[in-house]
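A lone chain, given as C-alpha cells: the form predicted on its own.
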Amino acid sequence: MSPSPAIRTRNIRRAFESRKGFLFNEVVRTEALKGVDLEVDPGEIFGLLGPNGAGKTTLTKILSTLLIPTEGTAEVLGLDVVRDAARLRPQIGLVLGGERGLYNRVNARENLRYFADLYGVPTAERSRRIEEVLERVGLADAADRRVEEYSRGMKQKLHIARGILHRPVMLFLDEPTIGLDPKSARETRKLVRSLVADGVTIFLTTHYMFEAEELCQRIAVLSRGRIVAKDTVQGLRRLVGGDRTLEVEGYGFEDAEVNALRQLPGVSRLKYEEFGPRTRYTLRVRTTELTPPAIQASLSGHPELAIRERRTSLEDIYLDLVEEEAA
C-alpha cells in the first residue's frame, strides 16, 4: 500500500479584499488561488513554479498554517492546516528568506537560542541542536559574529538553520537562493539535497528553472492562481511537444513557408519572435526524424538561415505553459 501524501489539497481558493475610491467605500476582491488540487509524496523535493503574482507564496503560507484558505481543504502530514494547525506546526519548517526574520544585532547562536525556545526544543537538547545546525549549514566558525555583519548568503544559511532547528518532517522553502551569488546558491542546493537524504519532504518555490530541474522530482506550474501542469520534467517535455527544440532564424519568411515548417514531420508546436528585420521560429519536435538539413531543404530560398538544435529546457516548458495560459 502506497504511503499517504505528505501534502494533499482539494479546491484551495484564497481571496483578498481591499478598499479603494475617494472614501474607500468600494470593495475590490482579488482571487489569488482559484481551486488548487495538489499532492506531494513523502520524501520528495516538489517544485512550484510560476510568475510573480501567480499565488506561489499564498499557497505556501496556507500549507504552512500562516493563512486560512477561503475555500477548500489542505492536509499536510495527514493534518488539516486549519483544524489541526497547533499539532502540525511543530512538524514543519518554513524558510521565507530575505533580510527579515532574523535579529541583526545579536549573533547567530543567540538567534537560534531564541528560536529554539520559540519552537519548544527541550532545554536539555537546545545547545547540542544549535551546534548541529550551525555545523550543518556551514556557519559554525561565524556563529559568534553579529548577523548584521553577515553576507546575504550567510543570512540565507541562518534562515535554513532556523527552519531545521526543531527537526521538521516537512520543510517549505520559498525562493531559497534568490539574490545569492553562484557559490552560495550551489551550497544551498547541496544542503537541500542533504536534507532529503535525512527523510525530510521539501516543498520548494523558485524562479530559477535550472534549480528546479536540478533538485525536483516533480514540478507544478502555477499561473493566475491555477495549476496549469504538474509532472516530472520529462513528462512536462512531452506535454509541450517533445525533448527537442529547433530554432530557425532568418529574414523575410512567407506565410506558405511558415505553414511548411508547421507541417514538417514531428513538429508539435511552433512559435516565433521578431528581432528587428530577423525572425526566429522555435519548433518543438517529438521525434528524431526532423533534422536541420531537412529544414534547410524546405526553406531553400533562404541561404542565410541559422538553425540551432538543443534539448527542450525547463525554461522552454515554463514559458510555453504560462504563455498558453495567458493567451
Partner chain sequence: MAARSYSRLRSLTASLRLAILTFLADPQWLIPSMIAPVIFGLVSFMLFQGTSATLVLYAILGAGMMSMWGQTLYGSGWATGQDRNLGTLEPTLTAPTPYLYVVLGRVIWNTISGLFGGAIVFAVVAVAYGRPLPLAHPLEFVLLFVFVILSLAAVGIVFSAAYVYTRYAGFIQNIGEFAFYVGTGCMFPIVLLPFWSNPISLLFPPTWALDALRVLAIPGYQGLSWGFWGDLVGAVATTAAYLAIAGTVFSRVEKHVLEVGNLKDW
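Positions refer to the first chain, counted from 1. Since we're looking at a predicted model, the values are computed, not measured. Rigid core: the largest C-alpha set superposing within 1.5 Å between the two forms.
Below, we refer to the form predicted in complex with its partner chain, which is not included among the displayed structures.
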{"item": "Answer option from I227, L94, L158, L246, heavy atom within 4.5 Å of its partner chain in the predicted bound form", "value": "L94"}
{"item": "Interface residue in the predicted bound form among Y150, F115, Y208, F253, criterion: non-hydrogen atom within 4.5 angstroms of its partner chain", "value": "F115"}
{"item": "Its partner chain contact at I68 in the predicted bound form, heavy atom, 4.5 Å", "value": "yes"}
{"item": "Distance check, K61 to its partner chain in the predicted bound form, heavy atom within 4.5 Å", "value": "yes"}
{"item": "Contact flag, R126 vs its partner chain in the predicted bound form, heavy atom cut 4.5 Å", "value": "yes"}
{"item": "Close approach of K183 to its partner chain in the predicted bound form, 4.5 Å, heavy atom", "value": "no"}
{"item": "One stretch from 117-125, 184-192, 132-140, 217-225 that, in the predicted bound form, holds residues within 4.5 Å of its partner chain by heavy atom", "value": "117-125"}
{"item": "Stretch 129-163 - residues with a heavy atom within 4.5 Å of its partner chain in the predicted bound form", "value": "R146, R162"}
{"item": "V106 C-alpha shift between the shown form and the other one of 2 Å or more, rigid core reference", "value": "yes"}
{"item": "Core-aligned C-alpha movement of D144 between the shown form and the other one, 2 Å or more", "value": "yes"}
{"item": "Large Cα move at L173 between the shown form and the other one, threshold 2 Å, rigid core", "value": "no"}
